[in-house]
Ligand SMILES: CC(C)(COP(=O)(O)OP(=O)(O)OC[C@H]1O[C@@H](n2cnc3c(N)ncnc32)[C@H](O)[C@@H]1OP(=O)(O)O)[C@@H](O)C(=O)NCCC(=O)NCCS
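Shown next as structure tokens: one chain only, the form predicted alone.
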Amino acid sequence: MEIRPAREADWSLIYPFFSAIVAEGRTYAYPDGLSADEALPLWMEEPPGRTVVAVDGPRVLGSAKMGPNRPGRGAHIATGSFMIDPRAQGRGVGRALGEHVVTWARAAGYRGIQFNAVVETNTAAVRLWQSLGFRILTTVPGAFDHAEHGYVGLHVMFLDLKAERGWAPAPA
């Protein structure tokens, strides 16, 4: 698996799993039924943001977008979002993309990474982020209308990149 910057041509490979994940109604609050043209600017980040893909040969296994969480005086904290093609789940794609975003944010000089809306019932994602050193700062009760469970909480999660603790890449 290789992680590389997303190219314009990758969108046609990302959009099918983007739209399927959104339609599933379990993890993202994007509007249902977005066309490829409507969804494109929501996922393909412009600088200073960045979008990457995890690929195995020509196949896009997943994608992540990252950048400043807020503009101006909040731009020292990064954020990120992740989507994995359901056919590639369980292969370590999410972990690889998560590690990539942490490494990128650290190298870019961000002081931390804040995830604004991790659905509390998405336990695999919550466990993954916690294993990378993120902690749950708060949970906004009932902030996400889950397709199966109704109103569930959204976690705000944070990784302090200036602290000595937390995930770091293995020494080379």
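Start at 1 with the first residue shown and count on from there. Everything numeric here is computed off the predicted structure, so don't read it as measured data.
What comes next is about the form predicted in complex with the ligand, which does not appear here.
Heavy atom within 4.5 Å of the ligand in the predicted complex: which of 42, 108, 124, 147 fits that? Just give me the one.
That would be 124.
If you check 128, 143, 60, 34 against the ligand in the predicted complex, which one has a heavy atom within 4.5 Å?
Contact check passes for 128.
In the predicted complex, does residue 93 come within 4.5 Å of the ligand, counting heavy atoms only?
Contact with the ligand, yes.
So, in the predicted complex, is residue 118 in contact with the ligand at a 4.5 angstroms heavy atom limit?
Heavy-atom contact with the ligand at 4.5 Å: present for residue 118.
My question is simply whether residue 83 lines the interface with the ligand in the predicted complex - judged by any non-hydrogen atom within 4.5 Å.
Residue 83: contacts the ligand in the predicted complex.
Tell me, yes or no, whether residue 21 is in contact with the ligand in the predicted complex, where a contact means a heavy atom of each within 4.5 Å.
Result yes; residue 21 sits at the interface with the ligand in the predicted complex.
Of 134-142, 22-30, 65-73, 49-57, which is the one stretch near the ligand in the predicted complex, taking non-hydrogen atoms within 4.5 angstroms as near?
Among the candidates, contact is made by 22-30.
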